[in-house]
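Before any questions on how it binds or moves, here is one chain, the form predicted on its own, in structure tokens.
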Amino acid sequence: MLRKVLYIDLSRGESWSIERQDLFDEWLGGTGVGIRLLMEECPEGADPLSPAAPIILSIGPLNGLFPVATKAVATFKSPLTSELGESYAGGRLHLAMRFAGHEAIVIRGRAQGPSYISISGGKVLIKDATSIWGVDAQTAGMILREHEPGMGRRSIIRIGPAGEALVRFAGVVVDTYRHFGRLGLGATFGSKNLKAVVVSGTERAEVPDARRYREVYNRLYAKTVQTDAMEKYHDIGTSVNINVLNWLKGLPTKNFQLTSFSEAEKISGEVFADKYLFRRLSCAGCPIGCVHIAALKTAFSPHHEFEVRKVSYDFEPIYSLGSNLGVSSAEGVLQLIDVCERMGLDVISAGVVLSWATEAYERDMITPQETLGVPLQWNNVQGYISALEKIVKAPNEFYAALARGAEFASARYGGQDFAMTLGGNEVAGYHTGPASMLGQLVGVRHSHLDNAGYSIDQKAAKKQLSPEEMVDEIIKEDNSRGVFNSLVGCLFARGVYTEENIIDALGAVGIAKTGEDLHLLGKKIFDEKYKFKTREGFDLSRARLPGRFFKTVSTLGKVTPETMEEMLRIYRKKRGWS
């Protein structure tokens, strides 16, 4: 199997492929290759929205070959935080890149006008996108499906108006219902005049020993469908966590002022499944079917004429646009998700930005003049829809500030104590205790998925863990996910891909690794990411913890600043940082 990197220069309108076996031998694939290519390609101090800042798309050695190895990773310099940007998406992109014969794609420069990239096997074209510039993300995808080849073996990733307007938390829609959501990749696309990338191909992935491959594949498939992940994620999906976290007093409500929501049952995963679930989908190569699609019926005429929109949902959108905004109806949550989908906004950041703005409005720090008459009030769905649209259009200084994220807006208007960001990134839907807080603060992309600190808190609710034990768990997860995210697998399957199974799966495709090799690689990838972060200005000693975290009761009770200081001290010591 040739391990190739495709380079595309939008400024020059050129592309070329280079075999980089050494790169993949050392960094495996996925996130490992992504961070190494970013270090090679991105000049120190580059403006994230300049032609000098690249986009790296990469897959791993198991993609297209094993069950639930269904993710692709985007690595870039984040327009939101000005340091490491990293986002993951399911769908068909990992498979399309495998069919096209490219395990990594590097996009450089800036096109002269609105453009999209068409990759069909060995053929790469940069095409005019003027006719779809300004078109919402869902419609743009429908248009490209009609005009691009490769049906059935194709992935279409594209931005909406938010990315074109350089909203710093704009995402990229992948194959209709999946996303590169976090940290502003959509704005990076927009800064390059890049509306979309279409990938298809006809190549086959060869394995050195077909018999061994089939044995390992069948074992992993059987383990996947026999685990509780199959039932949990297929049936209700991650939205089952709304009721669970509400019971545990870990569900952020009204901008983390509370950790339980009196109306949670109305927006629970069970209600979505009973009343709104339309169908379930799987990413290519996955038997689970965890993508839940709701049917949102909306009137567009007073004469009983309706439109039915299909909207994907899971826990994070329901938290950020539901409990976190005090929205108490499933229809209201779906309406807000739908606006974010069409505009191309990251739903977590959008909800956290609006929750900060609502509280600031409530405290008279922001006036109706600044909101242009939009009433930013809890549970005001129509007001929030109007605000989201104005964030994209940026008609005044206030909405332009919101388009740069909660960290920037709160620095401009005040209220940093209740601007719920860690490392500059709007936080996920957990206030479970100190491990969740620390995990997002120290994680390489300041995400709950860097090390699952929230699950460590939940373990501590059943069996007490010391601060040091929590830190040990975070470091272990930080490192191990560097390997898993280089394969690149879906985190729902992390229980399937044990160290032994990873070694067997890699061996079946001709890559020999030991457990020690994997441990060293995981730490090496983490260190390389922190090297990029600190090079671009991130300083953990100056990182801000919003005061709201210490005022609101979590699953483990109130967290004190002293506890967080102790855990940060232990973390630095164990990482060998001064």
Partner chain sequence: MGGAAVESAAGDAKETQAVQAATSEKARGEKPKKRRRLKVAHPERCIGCLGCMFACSRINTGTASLQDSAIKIQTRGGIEGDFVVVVCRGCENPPCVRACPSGALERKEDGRVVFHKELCTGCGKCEEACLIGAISLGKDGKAIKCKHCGACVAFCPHDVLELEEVPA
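Positions refer to the first chain, counted from 1. Keep in mind the model is a prediction, meaning the values are calculated, not measured.
The following text describes the form predicted in complex with its partner chain, which does not appear among the structures shown.
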Does R404 reach its partner chain in the model of the complex, with heavy atoms at most 4.5 Å apart?
no
Taking heavy atoms and a 4.5 Å cut-off, does L545 contact its partner chain in the model of the complex?
no
Using 4.5 Å between non-hydrogen atoms, is E500 touching its partner chain in the model of the complex?
no
Under a 4.5 Å heavy atom criterion, is P287 part of the interface with its partner chain in the model of the complex?
yes
Work out which of S262, S131, S282, Q416 lies within 4.5 Å of its partner chain in the model of the complex, going by heavy atoms.
S282
Contact assignment for its partner chain in the model of the complex, among N243, Q138, S120, T224, heavy atom within 4.5 Å:
Q138
Quick one: find which of 204-212, 109-117, 74-82, 372-380 has residues within 4.5 Å of its partner chain in the model of the complex by heavy atom distance.
204-212
Its partner chain in the model of the complex: contacted by all of S17, P54 and E164, heavy atom 4.5 Å:
no
Partner contacts in the model of the complex for 45-65 (non-hydrogen atom within 4.5 angstroms of its partner chain):
G64, L65
